[in-house]
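So this first bit is one chain, no partners, the form predicted on its own, shown in structure tokens.
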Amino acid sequence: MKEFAGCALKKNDLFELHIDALGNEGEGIGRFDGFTFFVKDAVPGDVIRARVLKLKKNYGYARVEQLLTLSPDRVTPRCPVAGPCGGCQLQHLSYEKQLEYKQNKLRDCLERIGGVAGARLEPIIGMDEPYFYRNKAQFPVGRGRDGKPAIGFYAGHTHSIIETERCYIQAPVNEALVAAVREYLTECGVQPYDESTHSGLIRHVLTRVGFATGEIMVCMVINGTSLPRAEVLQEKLERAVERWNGEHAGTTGENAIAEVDGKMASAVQYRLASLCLNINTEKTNRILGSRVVPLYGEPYITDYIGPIQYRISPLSFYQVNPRQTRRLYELALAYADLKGSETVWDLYCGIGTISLFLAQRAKMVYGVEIVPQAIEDARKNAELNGITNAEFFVGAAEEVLPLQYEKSGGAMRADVVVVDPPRKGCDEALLRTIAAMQPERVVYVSCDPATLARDVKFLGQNGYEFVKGRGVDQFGMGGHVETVVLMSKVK
């Protein structure tokens, strides 16, 4: 028997474990003879009988074999497949404790990785309703054990599809959309995609729902160039949406979602506004290809965040939680502390979501994004809202910023820089460029506390100090947290 760091356990052994913390992905953490174990679906305060799954040099993975003592913070998940499904990590933890966990994770990263001693953090902004909040879904399509088309979500860290009739974090109308697609596949004999053989047609079903407008997009991601009998799918989707509207009377209040007689009801009347194809014929795990083919309606839908309207295509990055996104952007706007005379650079601007919010109070906003289609959407969104003090550039921000600054003779100097990078954080060359331009304030919007903390540390070593930060929970039942941080130039 091989021992690891003094731990005599081996794979498949059973042992008793007390869970005392949560990891970065929401997994429970316990220690046995000084050896750390990570356990999915366990929460602090649980005492479990655990089974060893895998052992590394200094840590291991285990699963819950039996709950011996239940944590007072444990709750029964609303979703019957919350355990095996990879979409939610924290449905078994009370929402109050989810927020506490995210606040602590943010503080720990800023202090431990970012070197910000006693980081000033305002209380995390929680959700009023931590269910049914997502406006975007990506459903993988495959074949079930019965040979019929299977549509659902991947089990955690696998590509095995967990079928479900209802997802408790998605827009409820998706139930009707998925049922219509499933019916179409069966009736028309359209084959699901098979990853192992790279055969079959339907890879994913992507949906976007406008919570304010009621506009719905269904985008079929296909391993081909055309969809057989597309008119049948369109008809089934339209009928499904009509039935949904009839069965779920709208409630009062903007974007309201409430439970009426055990069913979900939405304040808006939905309509199918866009049906399109996304062509992805590559043998890859990447969900979307680069080519979109409209079948019905426009290749986009529109929705609002606060007073700003946005055009959203299948390839657009657009925050998935519109209610919390408004709070996130309003927080970023407050941290920017604009008086109306400032020049603002918005880096990683995407389709201009934050840029247009900032333009409400800035003299001029310049957005930079490396994806050409996103910049095209950003320009259209500015035009859609009658915003004339926002200009957008395609390219890497670390190249665009100094070039435009030089070309303008210094007139395009940044008073405030806002960054909203992907999970990997900012490129170091970009951070150096920001520091060299010496804006008065840097507002950092982040979806990953660890890379945020790393970049805060870099800016702290290059002329900026951490002023304050605040988390915004965009992902109820999940382990991620959005954050806004204010950095100020050291005088």
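Sequential numbering from 1, following the sequence displayed. Fair warning: this is a prediction, and the values are worked out from it, not measured in the lab.
There is another form of the same protein, the form predicted together with S-adenosyl-L-homocysteine; it is not shown, and what comes next is about it.
With the partner omitted here, the stretch from 378-386, 391-399, 119-127, 183-191 that lies within 4.5 Å of S-adenosyl-L-homocysteine by heavy atoms in the predicted bound form is 391-399. Among residues of the shown chain, residue 370 is one whose heavy atoms approach S-adenosyl-L-homocysteine to within 4.5 Å in the predicted bound form. Although the partner is absent here, residue 329 lies within 4.5 Å of S-adenosyl-L-homocysteine in the predicted bound form, judged by heavy atoms. At a distance threshold of 4.5 angstroms between non-hydrogen atoms, residue 460 is out of contact with S-adenosyl-L-homocysteine in the predicted bound form.
Although the partner is absent from this view, residue 353 contacts S-adenosyl-L-homocysteine in the predicted bound form, with a non-hydrogen atom inside 4.5 angstroms. Scanning 214, 421, 140, 156 against S-adenosyl-L-homocysteine in the predicted bound form with a 4.5 Å heavy atom cut-off leaves one residue, 421. Proximity to S-adenosyl-L-homocysteine in the predicted bound form, defined as a heavy atom within 4.5 Å, holds among 296, 348, 244, 131 only for 348. Taking S-adenosyl-L-homocysteine as it sits in the predicted bound form, the stretch 187-207 never comes within 4.5 angstroms of it through any non-hydrogen atom.
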